[in-house]
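Heads up, the chain below is alone and in the form predicted alone; it's given as C-alpha cells.
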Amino acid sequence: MNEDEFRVLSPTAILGYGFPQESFRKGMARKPHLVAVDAGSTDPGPYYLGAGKSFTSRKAVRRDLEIIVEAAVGASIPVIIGSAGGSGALPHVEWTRSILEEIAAKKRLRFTVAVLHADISSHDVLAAFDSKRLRSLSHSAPIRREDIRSSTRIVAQMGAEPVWKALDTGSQVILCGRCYDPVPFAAPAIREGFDPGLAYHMGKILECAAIAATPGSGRDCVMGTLRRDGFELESLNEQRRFTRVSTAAHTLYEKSDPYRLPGPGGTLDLTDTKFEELDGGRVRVSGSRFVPDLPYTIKLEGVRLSGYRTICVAGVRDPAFICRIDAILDSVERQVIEDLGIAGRILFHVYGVNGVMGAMEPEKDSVPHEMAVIIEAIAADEEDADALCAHARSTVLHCGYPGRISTAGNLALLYSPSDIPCGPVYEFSIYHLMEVEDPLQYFPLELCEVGR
C-alpha cells in the first residue's frame, strides 16, 4: 500500500439501495484498499429496531452483497458493513450473516467474517444510570429508570476501536452491529496512521455514496482517496461530478451544528475545512480536525412497545367539508372515544393542509380543492386499534356538517378493505449518551468461517 494514500470504494448509500455494476467495476479497477458500505440508521424510526426487521428488502441486499463480496474477496480487499440489517441489533446482524452464507454457498467462496455485536443489556444500562454515567442529548429528556426497564431492545453505537480489533484478525468481511456511520470507511485508515479528522469527514460523505455528487444519487459508487493533508472525492459514473457546493452542502447533512459533528470518543471540527474543485469532477477537502472527548461516550438507542396501529387512507373533495376540516375531525375524535370507551389514540393526518409540517406549516391560509385524510388509531392491542379506526372511519364517512349536500358519504376510500392493520408500534425510550472506560467493552467480537 502507498503509505501516503488510502483509497475507499463506497458502492451505495445503504446496502440494498443498489448501484450500477459498471460504476462498481471502475471502482474495483482503481484497486481500493477497502470496500465499505453503510447498511442503515435510525432514520426510518424505532419500528425496525423494535421488530428486528430490515427496512431494505432481502433480495436487494443480497444482490448488492453478492457483487461486493465476490469481487472484494477475490481481490483480497476487506469489506466492512456498518449497522447491519438497518438497526444493527442481533436479529439484523444474524439476518445479514445468513445472506453472506447464502452468497458463499452459491459462489463457492470461503472467507472469514468478524462479527461485532452492538446489543447492550438493560442491566448494563441500569448500572450506568446508577453510577451517573448517562447523559441526555440536547433534544432528549433526562432518562428515567423506567425508560430503561421498559426497553425491549437496546443497541450502542460503536466507534473505530472495535473495528480495529476486527481488522487485527485478518478477516475478509467485518460485519458490524450498530455503528457510527463514518466508522466503516474511516477506521482502517486511522489504524494505518491517517489523520482521524480527515478520515471521519471523508467517511461522513462516503457513507452516503453519490448523494453528495451532482446530480446526487443514493445508488451509485464513489471513490474516496485519503492523503496526509486532505482527501479527494470522485464519482465513478461520468454522469455525476463533485462540486464545492455539493460537497459542502452534504457536509451539513444530518447536523444541528454546521461546524461540529459529535461521535463516539470525540467531535469532528469543521471550522477550518476547505473545499477545492479539481479537474475531472473531483473535489479536494482539507482542514477537518478530530477533537477527542474525555470521558469517552457512546450513544445508546433503545425502543419499547407502545401499542398497535391501524390506518385508513381516504380522500376529500367537498369544499364545505374542507373549510371545516379541523372542527369536523375534532368532533369525530371526541365522539369515537366517548362511544367506545377504549383507551387509545386517534390521529388525523391531513395532507394538502399540514400533513408534512403539522403545526410548523407556514402556509396556514391556503385552501386546497382536495386533500387526503389518513386516519390512524393506536391502542394497547390490535383488536382495540381496529375498533377505534373502524369507528372513526365510519363516523367521518357519514357525519353531517353545514353546507353538506350529498348523503352518500364524505370520504373517497382508497382501498378495500378500507382499514389496514399495521401491527406493533414502537417508540424510542432511550436516545442518550453513556460514558465508558473502554471503547471495546460493549462490542464483543465473534469470528466465523463462511463457505466450504
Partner chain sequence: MKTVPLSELAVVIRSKNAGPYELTLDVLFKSEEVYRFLKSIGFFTRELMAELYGLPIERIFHIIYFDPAAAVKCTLQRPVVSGSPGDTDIYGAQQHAPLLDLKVPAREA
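By rigid core we mean the largest C-alpha set that fits within 1.5 Å across both forms. The model shown is predicted, which means the values in this text are computed figures rather than measured ones. Residue numbers count along the first chain shown, from 1.
FYI, the form predicted together with the partner chain isn't displayed, but the following is about it.
(message) in the predicted complex, does each of E254, F275 and G358 have a heavy atom within 4.5 Å of the partner chain?
(response) Checked in the predicted complex: all three residues contact the partner chain.
(message) Looking at R191, H349, R284, K165 here, can you tell me which has any non-hydrogen atom within 4.5 angstroms of the partner chain in the predicted complex?
(response) Contact check passes for H349.
(message) Please tell me which of R244, R144, R317, R149 lies within 4.5 Å of the partner chain in the predicted complex, judged by heavy atoms.
(response) The residue in contact is R244.
(request) Choose one stretch from 38 to 46, 22 to 30, 384 to 392, 403 to 411: the one whose residues place a heavy atom within 4.5 angstroms of the partner chain in the predicted complex. (result) Of the options given, it is 38 to 46.
(message) When the contact criterion is heavy atoms within 4.5 Å, does L126 count as touching the partner chain in the predicted complex?
(response) No.
(message) With a cut-off of 4.5 Å between heavy atoms, is P258 one of the residues that contacts the partner chain in the predicted complex?
(response) Looking in the predicted complex, residue contacts with the partner chain include P258, since a heavy atom lies within 4.5 Å.
(message) Can you tell me whether V367 touches the partner chain? I mean in the predicted complex, with a 4.5 angstroms heavy atom cut-off.
(response) Flag for V367 set to no.
(message) Taking any heavy atom pair closer than or equal to 4.5 Å as contact, tell me whether N237 reaches the partner chain in the predicted complex.
(response) N237: no, not in contact with the partner chain in the predicted complex.
(request) Inspect the rigid-core superposition and answer whether the C-alpha of K364 shifts by 2 angstroms or more between this form and the one not shown. (result) Shift of 2 Å or more: yes.
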